[in-house]
Every structure is written in C-alpha cells, then in structure tokens.
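Take a look at this single chain, the form predicted on its own, given in structure tokens.
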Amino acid sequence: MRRVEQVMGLPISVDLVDREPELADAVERAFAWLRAADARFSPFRADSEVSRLDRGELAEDELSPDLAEVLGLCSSYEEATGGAFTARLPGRGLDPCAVVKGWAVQRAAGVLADAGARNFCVNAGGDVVTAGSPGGGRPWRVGVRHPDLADRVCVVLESRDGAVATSALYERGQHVRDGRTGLPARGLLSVTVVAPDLTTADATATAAFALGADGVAWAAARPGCEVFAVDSERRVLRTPALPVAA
C-alpha cells in the first residue's frame, strides 16, 4: 500500500509492505493524526493552540500535554545550542515547527507500529522514518539530495528501524536562522542526521544547521546520531559509522 497526502505544507507518504487488511485503518489514523497536529500546532493558523498561546490567550498551565512536550523539546535544544536553535526568534511569533514536524511524523509511525505494521516507510518531504525492510530483508535506501543539483543525490543511506532528516538551503532558501543573531544561519549547505527516531533526527539537523560550521561536531556528539554534511566550501563531512549504502 502507498498513500500520499499534502499535510503541514509538504507531501507525506506512507509505504506499507505488510499486507494485513486491518492496517489500512491504521494508515487512515496516522494521517488523521498528522492533520490534527497541523491544526493544533501550526503558527500559520490563527485558531491553533500555538497561535492562541502566542497571543496570550492560554496560560502555561492550560497547555495540552502534547504542546507542553513540544515546547519542552524546543527548550532543551535551545539550551544545548546556546540559543542558536530557538522557537522564538526576535521580532517573530512562537514557531515550534522545527520540532513539530519530526515529532508528529514519528508519532504517526507509532500509530502504524502499534497496529502491528512491521515493514514501512513514512516520508515527510525527504525526512523519513523506517521500520523493517522493503522486501527480501534489505534495508530501506534513503537518498540525500545534492545541495547544488536538484536531480542528483550526494549520498544514499541505509535505514532499518530508525530515521533520517536533512536541513538544507535548497528546502526553503535561508529559512533557518541563528537564534543568537537573528540572521540566516551560515557555514553549511546541508546537514543530514541519522538517529533512532525522527523527533531527534529532524530537530538535531535543524539545530546543527543553525549552529553553522560548529554544528557538525555538535550533532555528531549527540547520543545515537550519525551525520553527513556539506559545508559552505562544499567540503563533505561525515561520521565514521554513517550507514552509507553499498
């Protein structure tokens, strides 16, 4: 089964290898969760919980457990990067999207796993969660786009039960800003993180990009993370245990 929907402003696909008929309902629940998460946590929706909090309509003790968890993650990455990663840039409203996407997609993958799915891939605009195998015991293969050439990949990674996420200039231009200066992050063209879950991979990739040249070593030191990056001088940087496909 393969299904694609436009959610959170990007295409999200589920590739499900398992053939049990009841898993179709789990796929529907996974997408329903993603649509609900977008409605609740998008800073671009005036009626979302995030927007209401930002306008002062909600007190901290009135937050849902989910939003409290997301904001806690944002705070932990802000602290770990010395403020380079932040959900509150100067002059802008609250925007936890750098955590929400990976966190929400990982939760959707959990819906599939809880229903009994063992072999699947959830792809959110190039950031992926994988489980099991696409067939024959092979790992899933995840291509990382070349930072300059849209029709090329610069590396293909293997993934079984884990996640891969990339933060790069080609995604939305200079959309990642260094929270310490408020200016566009500099020093890297792209950074890809392999981690046990997409919450970690996605937030770590964004935080590393915000840190600039120092972000590669910072991400590589995070527990369970492997890194592939291309810096502004177009040098390739990678950790020794990066799961590169043969």
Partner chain sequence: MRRAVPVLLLTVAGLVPLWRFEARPASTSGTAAVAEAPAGARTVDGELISTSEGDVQVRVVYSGDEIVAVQMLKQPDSGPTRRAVPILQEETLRAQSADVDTVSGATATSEGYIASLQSVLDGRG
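Numbering follows the first chain given and starts at 1. None of the values given here were measured: they were computed from a predicted structure.
Below: the form predicted together with its partner chain, not depicted.
Quick one: is W103 in contact with its partner chain in the predicted bound form, heavy atoms, 4.5 Å cut-off?
So W103 does not count as contacting its partner chain.
So in the predicted bound form, does any heavy atom of T166 sit within 4.5 Å of its partner chain?
So T166 counts as contacting its partner chain.
Heavy atom of S13 within 4.5 Å of its partner chain in the predicted bound form
Judged by the heavy-atom cut-off of 4.5 Å, S13 is in contact with its partner chain in the predicted bound form.
Is the gap between R138 and its partner chain in the predicted bound form 4.5 Å or less for some heavy atom pair?
It does: once its partner chain is placed as it appears in the predicted bound form, R138 has a heavy atom within 4.5 Å of it.
Heavy atom within 4.5 Å of its partner chain in the predicted bound form: which of V142, L112, V99, A84 fits that? Just give me the one.
For this set of options, the contacting one is V142.
Would you mind picking out the stretch of 70-78, 153-161, 87-95, 103-111 that comes within 4.5 angstroms of its partner chain in the predicted bound form, counting non-hydrogen atoms?
So the stretch in question is 153-161.
Could you run down 206-225 and flag each residue that has a heavy atom within 4.5 Å of its partner chain in the predicted bound form?
Heavy-atom contacts within 4.5 Å come from V216, A217, A220, A221, R222, P223, G224, C225.
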